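Just the one chain here, the form predicted alone, laid out as structure tokens.
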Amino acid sequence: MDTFSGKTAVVTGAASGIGLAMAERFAAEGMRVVLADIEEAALGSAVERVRTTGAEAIGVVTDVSKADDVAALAKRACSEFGGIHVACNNAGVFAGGLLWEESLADYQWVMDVNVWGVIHGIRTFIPIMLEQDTECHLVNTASMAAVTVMPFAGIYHMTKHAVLALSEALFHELAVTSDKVQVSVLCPELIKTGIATSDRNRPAKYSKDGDVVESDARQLVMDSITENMDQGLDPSVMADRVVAAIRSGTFYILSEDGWRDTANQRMEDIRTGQNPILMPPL
């Protein structure tokens, strides 16, 4: 896609972090932007922030784990702006700890948002894009966690591996069915976002007695994320990468730091059949 101006972008998880950065970047390209998020107050502030640039923007409160919410989001975008040309399945959450200590609610919540949110996005946005019969692009936010595996974050890694696999399959399917709709998968490294405080948006149905297990492993990983967050990249870097990838038709949007070395080590382990080597990114 070469031209962005006058087209419409839909971004989930857009009230903060990478989602907001993408919304602002699309606005700077002259696009009309539909911001979606489960956090209503923060979403309202984000919409106003985008509008101050002179862009047309609306907000739609959306729980991406619900198919009906994502369908309603798409319907609103089409009714307001006449179509959807870029859609970013970006909403995501995190829960850490030892896999055998984490609750079923941890598994269900992270799966429902990180995986089912992308599934609902694919099933909703792709048919609209195909019917429009014009250049369109879908971006699924995975993570460098999709191509690596670290302890104490197994559920998150599992979900991001799933997003990568879904995106790769979608790439091949679109390649043989459409010459106008493309897909990319965004795999960020450490970014300054609110992922460490995902629990602020954890619904009550995943927060009953026993659903949030306090453990040494959980605290360890959450402390590590919080302590290192200031060293992360600004979300705008991801937004720039996304726009560049859409322009060039690039599928893999990968990090440029030590996470690449960690990913390469994992691929070497698989290639040679040796037991996994733990190599945290430097």
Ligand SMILES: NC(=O)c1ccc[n+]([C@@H]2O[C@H](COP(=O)([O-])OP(=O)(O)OC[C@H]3O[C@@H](n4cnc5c(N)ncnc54)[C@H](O)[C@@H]3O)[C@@H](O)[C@H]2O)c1
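Since we're looking at a predicted model, the values are computed, not measured. Note that residue numbering begins at 1 and tracks the sequence as displayed.
The same protein has a further form, the form predicted in complex with the named molecule, not shown here; the description that follows concerns it.
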**Message:** in the model of the complex, does each of A9, V34 and I126 have a heavy atom within 4.5 Å of the named molecule?
**Reply:** no
**Fill in**
If we test each of Q132, N201, S178, S103 for a heavy atom within 4.5 Å of the named molecule in the model of the complex, the one that passes is N201
**Item:** Heavy atom of Q265 within 4.5 Å of the named molecule in the model of the complex
**Value:** no
**Asked** Does I195 make contact with the named molecule in the model of the complex, using a 4.5 Å heavy atom cut-off?
**Response** yes
**Prompt:** Is K160 close enough to touch the named molecule in the model of the complex, meaning at least one heavy atom pair within 4.5 Å?
**Reply:** yes
**Distance check, D240 to the named molecule in the model of the complex, heavy atom within 4.5 Å** = no
**Message:** Based on heavy atom distances of 4.5 Å or less, which listed stretch (92-100, 166-174, 147-155, 75-83) is in contact with the named molecule in the model of the complex?
**Reply:** 92-100
**Asked** For 125-160: residues with a non-hydrogen atom within 4.5 angstroms of the named molecule in the model of the complex?
**Response** T141, A142, S143, Y156, K160
